[in-house]
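Listed next as structure tokens is one chain, alone, in the form predicted alone.
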């Protein structure tokens, strides 16, 4: 085991309030702070395009125009919804780019480019482990790049990620015991190399873990710890990222179990002071997982729902776009006659119909998470319990899991 040392701390996480297992806090990285719990919208900064197209990406392009307050969408101040964003190494070749363009995309930090120079939010760059597990690397129109831990980190660094994670090997629901063991071993090996490569990295370093319950997660942590020997991993990482849950996204019971058990194991292993990020989960699961102890989330659901012409009324309810009465919403998008006209289909490009819908959906995400944060900061657990009962608890399919979270994570109803 090569010597690993704790380097100058560039990230911190301070819990400022709790309500049962739910907690509110402040995540600070290189002087930039985010209040938690919070949601990182997944965004493709490079969608196959060029500078003149804000680097393209269809609906992602329109979202970037909102992020940057471009005149194309009428300006506006939407930057408060993008104080933290998530992107992935794996998304770089989603649009079939050639090697010349790939080299351009990875030649400078995102924030160092003129196009994105006004963006000052935190960028979380995922390693793309889920995609690379199936494809083994980046596949462009005229090139292929094999991705290992060193190459994944090189690209994360080139993109200028404020938060980065090790290259992981997510598990799948139908994996055999041996397959899960092998993936845990590979992820643990990568975690050691990641820790070594990033010792002087000026950003937050998160450790990925995978599992659906206490037994699986505890074994995964065992593999990690065995690779690090006697080193206290809480001194090497700034957060824990829980993955492999996307195939379980509609199984609220499984999601709650995974987060509750991960929180318990983090406490047992002296990692409770680190923020817990849940990879790839958004919408109606967020209130339950916040109550269970998760701090941050990322997801594409705000865009995916827009692409399916679904307009968010809340985190758990969406209605068809052609049935929306825009007068019922006072968000910045629905209050703008030009954007309402676009969402009604009166524009040339489909991205400009769906982009404002995605922005509206994101605003609903951020407003609801902010409300949760404020409830946690109030006295006792009743404000959070009331929120759950008034929102997800009214959904027949979620009510049972709402009661479970209240009873197991918030101390019960009375």
Partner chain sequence: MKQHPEVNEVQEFLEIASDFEDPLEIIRESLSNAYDAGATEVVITIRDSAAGSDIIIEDDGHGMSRDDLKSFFDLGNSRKTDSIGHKGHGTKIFYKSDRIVVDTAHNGSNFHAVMDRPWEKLNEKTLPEYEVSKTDTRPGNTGTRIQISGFRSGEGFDPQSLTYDKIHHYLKWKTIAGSTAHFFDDSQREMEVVVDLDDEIDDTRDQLTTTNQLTFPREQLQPSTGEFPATRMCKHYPPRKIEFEHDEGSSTVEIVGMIGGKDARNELPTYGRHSVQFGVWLAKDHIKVEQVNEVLTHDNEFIHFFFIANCQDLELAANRGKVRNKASSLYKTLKQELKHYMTKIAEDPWFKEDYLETRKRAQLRRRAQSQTTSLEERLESIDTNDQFKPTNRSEVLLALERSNNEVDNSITVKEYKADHEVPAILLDDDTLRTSHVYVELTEHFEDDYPLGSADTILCWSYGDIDILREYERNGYHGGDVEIDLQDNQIIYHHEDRHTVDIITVSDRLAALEHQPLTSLD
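Because the structure is a prediction, the values reported are computed rather than measured. Positions refer to the first chain, counted from 1.
Not pictured, yet referred to below: the form predicted in complex with the partner chain.
Taking the partner from elsewhere, residue 20 is found to have every heavy atom lying beyond 4.5 Å of the partner chain in the predicted bound form. The partner chain in the predicted bound form comes within 4.5 Å of a heavy atom belonging to residue 393. At the 4.5 Å threshold, heavy atoms of residue 389 reach the partner chain in the predicted bound form.
For the stretch 399-414, the set of residues having any non-hydrogen atom within 4.5 angstroms of the partner chain in the predicted bound form comprises 399, 400, 403, 407, 413, 414, in sequence order.
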